[in-house]
Structures are given as structure tokens and as C-alpha cells.
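The form predicted alone is given below as one chain in C-alpha cells.
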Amino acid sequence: MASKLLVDIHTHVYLPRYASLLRSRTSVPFIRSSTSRDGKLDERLLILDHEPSGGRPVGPQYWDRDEKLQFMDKHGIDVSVVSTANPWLDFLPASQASTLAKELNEDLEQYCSDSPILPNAPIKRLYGFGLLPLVPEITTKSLLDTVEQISKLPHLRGLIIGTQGVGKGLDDEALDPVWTAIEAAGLVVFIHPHYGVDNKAWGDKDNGHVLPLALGFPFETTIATTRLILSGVLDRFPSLRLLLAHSGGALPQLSSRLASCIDHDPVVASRLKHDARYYLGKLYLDAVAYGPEELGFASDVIARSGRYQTGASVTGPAVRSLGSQRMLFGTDHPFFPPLNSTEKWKSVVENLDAIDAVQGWTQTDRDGVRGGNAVALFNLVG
């Protein structure tokens, strides 16, 4: 039964405590409240600079658990692994971030622990990614205490982080004790973008948020993960379980170019234990790519990684089926809602259709990407 579940691992929540904080602010990130002409409360979320239309309309679907469950029911989703959305705690001073992280982790545990149990499996419908207070001037002890807290909360199976680390990125050696603790606890680290790339790259034309979201977000993930690889984090922590948003951004497409550049650069040519392409097989990718060809290509890149391990004797074409084992379905709910309330969400329909249409995946592979891989990765057994 568990191998046939539909599990959404990329789905967000703004818990009431977090939403209240955003309402109390007047600069990004914040929730702006006003009254519409017909006297109704109009709340708008602004988490990026220059939000179109004065911000994103927000309501109970952002924080109400029943709304999340109704969305899941409408789309046949059995289980969701929910996470606080960007920008997390990045905008807070260290002392406030530390306190709020622990409070929000307890809130998320409650959100999940009180959720229903599936009728045909001993599995809750909601699990979660905790928060780390990764902000400048935070103490290592505070970070380690929070990792320990998350590891002891039974319905939190990982943690979500951005790309800034404690101010110098995820390749900062100051994070090594944190990676050590996360690896030892067996937690999954969901790496998610927020900052994109320099806005000057998008030019002067008004294209809404298409360029920052479609390109800036995945480019940010690509750069952050490449820096992790180059710094040797995956060599020092070989059991670290990293899950990348948006199917790893552009990293699968650029991984061979990356490997060639490393080989030709004396600064880094001898730094890593393996060819750079090997490390993509150590990663997990969400399947939020919207097209079967993109999913198939990412699957191939994962599948071929074994041949790039130093001393490997693997030859022949990559077995696409093997790569599917590190890919997991996601929706990015509650972002990108349909224009009509009766419609199903394109982020669900298109990503499921893409999984079903990947050439070379067996039905077992598709079932794995839809949910079986998540059941195994997050140990969803109660």
C-alpha cells in the first residue's frame, strides 16, 4: 500500500505564528492588510522586491490545516511533507531567529501530529521539515540545539534551508558541525531558493515575476549546490541527504561542463575525491519540472553518476530507471493557484502528467516518484 501512495514533498505552510510576524512588519517580507470596497479583509503577501499587483492574495490556504487537507483530497494526494516557505527566518536578528525557530518547529509538529491517519496504512497525512535559524551571528550551539530539537520531534523528518547559510553561503566551513549533526540524525535537508540572481540581469521590461521565478530561483539553487560540491561538503559528509527544489535547477544540464571546467582549473582540479558528475547521484531532486523530457534527462544524469566514481568500471548507457529512485513528486502549494476555484492546480496536473509520460520509466519507477521514494526517504511509517 505505501508504495502506491501519492506524496507531496514540496508544499508550503505559513503557520499562524509566522503569519502574525509578517503582519507586524512594514517592509519585505510582510503581509499587508487592507479593507476592500465591499468591506472584506484583503491580505497580500510580499516576500520579494517589486511584487506585481501589490503582492500575492493570501488567505486560509496559506496557514489553515483543513485547507491543506482539502487541497490534498481534491487532487488525490495521500501525504504531504510540509515546510515553511521562503524567506524563513533570514530577515531576523540571531536571538529572535533562534527563539522563533524552536517555537515554529513545535507548532509544525502539532500541525502534523494532529492530522488524520490514512485509512489503509499506519501513516499520518502530514509530516514536516523543521526550521534552522541560519542567520549571521547565530551561535553554533544554537544551531546544534535546533537540529537536536528537530530530530526529536516525531513528525519532523528533515529541515528546509535557503542558500545563504549564516551569511557566507552553504559552503562556509562554519557549517561543518551542523552538517555533522544533521548527517548523524539522518535528517533530510531541503535546499530551496529565495534570492535568485541580480535583478539587473532581467532588464527594464516589465515581465512580472516570470524571469526571477522561472530562471532566478533555479539558478540560485544551481550555484549554491555547485559551491557545496566544490567545497568538498559531499566528500566530508557522504551520508548527508540533500533534496533540491525545482529538480536541481540547471545543474543536471551543466554538470558535464562543470566537470570539464574543474579538470582544467589548477585551483580545484585535485580538490575532490571524484569527478563532479558523481555527486549528482548523491542528491535527491523534487520532480517539479513540469515536463517529461526534463524529468527524463535529470533521471539520466543521476543514473550515470556511478561511472564517475574514482576507480569505477561502470560502462554503457545510463539506466534511466535507476535515476528515478532519487526523484520525488511535489506541487509548490499554495503558490500558483488556478484562476478559477473549480479548476485543479496545474502544478499538480502537469507534474503528474510529466511523471506518467517519461520514456523508459516502468510503472514501478513512476509509483516510486509519485510516493514510494518519499515513503522510504522520510521513513513514513507512523
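From 1 onward, residues are counted along the sequence shown. Note that the coordinates shown come from a computational prediction; the quantities given were computed from them, not determined experimentally.
Note that the form predicted in complex with a small molecule isn't included here; everything after this is about it.
Proximity to the small molecule in the predicted bound form, taken as heavy atoms within 4.5 Å, picks out 212 to 220 from the listed stretches 161 to 169, 120 to 128, 212 to 220, 71 to 79. In summary, among the residues I47, V349, A357, V319, the only one with a non-hydrogen atom within 4.5 Å of the small molecule in the predicted bound form is I47. When you look in the predicted bound form, the only residue of S231, T225, N86, S115 with a non-hydrogen atom within 4.5 Å of the small molecule is N86.
At a distance threshold of 4.5 angstroms between non-hydrogen atoms, R326 is out of contact with the small molecule in the predicted bound form.
When the small molecule is considered in the predicted bound form, F335 lines it closely, a heavy atom lying within 4.5 Å.
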